[in-house]
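Before any questions on binding or motion, here is one chain by itself as structure tokens, the form predicted on its own.
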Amino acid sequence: MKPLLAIRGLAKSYGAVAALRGVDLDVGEREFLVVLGATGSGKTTLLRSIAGLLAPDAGTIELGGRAANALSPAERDIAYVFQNFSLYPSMTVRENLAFPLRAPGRRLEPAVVDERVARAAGLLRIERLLERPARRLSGGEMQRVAIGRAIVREPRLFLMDEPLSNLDAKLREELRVELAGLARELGAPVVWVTHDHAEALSLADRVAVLGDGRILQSGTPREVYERPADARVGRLVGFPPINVLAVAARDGWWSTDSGARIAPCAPDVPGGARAELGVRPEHVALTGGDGGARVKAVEALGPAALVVLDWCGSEVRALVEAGGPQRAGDSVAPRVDAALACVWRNQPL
């Protein structure tokens, strides 16, 4: 089955700065795709190119099997939810929701407009706000209305540009859960961009990691978390951040330059081969005794504790159960779960 959205070789520069460098990306008919990347990675440029608000320098965009590069934003039938709420403050919530449906050329019957507004308000649980002016809404309510303005259009594709980033942490978490369910109920594909790995892992059917204007990896949330393609992806996904150690193959082990053995290496790895070893903090176990590591700090994280170690000349983090015996200054013996470690060969730190 052909994807609803197919992007090939998309490139866009602003003067000497290349925002996109040959992006290839597909989005399925009912897929929730999250594009994860740091600030400046090209996320918004990608969305604006898909929407037709920017003309790419190279590459093609297809929507429903139809070439879309030359189509106007209106012809693409895409709803775009911006980071800022973009409401009309003097209008009521009802008027804001209805506004996209009253645009010239739509010619919708008033009963159809009312039906779509009522459905969107019900989905977003804002019925009680319909007669309230937008200027009297809270931040979370404003964002619900902004998303509702996209829903009433019943577009073929939703584009979401970090729509939760202006909300406080508790409200972001609440809306993440609701929007994941809402996307499944609507059945329309979503491209959601964010720098927040928690949003990516909790919302996505598939995550595409964008860095330096390129797709670094694409896969399910579990794949991207457990088997990041390289250290850049590993550092973007997950908290506490992944440990990255420079190692070399010696006597069947990946060892640091100080000689500490970290994990066994595969039999076909030649001696002296260099690599980066990626180890999630939850895959580092600690036992007592002098194992070559010193505890620098212990940070309480509710049901868990983050133990920061000085090990092999590097700062290494271990995630352990709260209430453990480790204290700053202790000597401990770290042990890496080799089966869950990631080996990235011939990659610079």
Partner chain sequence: MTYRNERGLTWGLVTPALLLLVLFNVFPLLYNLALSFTNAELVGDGARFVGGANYARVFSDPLYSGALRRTALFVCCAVGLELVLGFAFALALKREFRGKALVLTLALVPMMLSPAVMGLYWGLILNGNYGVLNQVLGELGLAQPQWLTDRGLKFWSILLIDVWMWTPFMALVSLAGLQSIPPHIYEAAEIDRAGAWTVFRRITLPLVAPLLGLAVLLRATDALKQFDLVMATTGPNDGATQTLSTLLYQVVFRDGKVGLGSAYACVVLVVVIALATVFTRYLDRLKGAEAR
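Every value quoted in this text rests on a predicted model; they were computed, and no experiment measured them. Positions refer to the first chain, counted from 1.
There is another form of this protein, the form predicted in complex with its partner chain, and it is not shown here; the text below is about that form.
Heavy atoms within 4.5 Å of its partner chain in the predicted complex: which stretch among 212-220, 163-171, 145-153, 119-127? Comparing against its partner chain in the predicted complex, the contact stretch is 145-153.
Among the candidate residues 227, 135, 184, 274, which is the single one with a non-hydrogen atom no more than 4.5 Å from its partner chain in the predicted complex? Partner contact (heavy atom, 4.5 Å) among the options: 135.
Let me know the one among 87, 193, 190, 244 whose heavy atoms come within 4.5 Å of its partner chain in the predicted complex, would you? Result of the distance check: 87.
Residue 240: heavy atom within 4.5 Å of its partner chain in the predicted complex? Close contact is absent here: in the predicted complex, residue 240 is far from its partner chain, nothing within 4.5 Å, heavy atoms only.
Would you classify residue 252 as touching its partner chain in the predicted complex, given a 4.5 Å non-hydrogen atom cut-off? Heavy-atom contact with its partner chain at 4.5 Å: absent for residue 252.
Considering only heavy atoms, tell me if residue 110 and its partner chain come within 4.5 Å of each other in the predicted complex. No, residue 110 sits far enough from its partner chain in the predicted complex that none of its heavy atoms falls within 4.5 Å.
Residue 158: touches its partner chain in the predicted complex, heavy atom cutoff 4.5 angstroms: So residue 158 does not count as contacting its partner chain.
Honest question, do 74, 95 and 100 all end up within 4.5 Å of its partner chain in the predicted complex by heavy atom distance? Yes, the whole trio is in contact, each within 4.5 Å by some heavy atom.
Mind listing which residues of 59-83 have a heavy atom within 4.5 Å of its partner chain in the predicted complex? In sequence order, 73, 74, 77, 78, 79, 80, 82 come within 4.5 Å of the partner.
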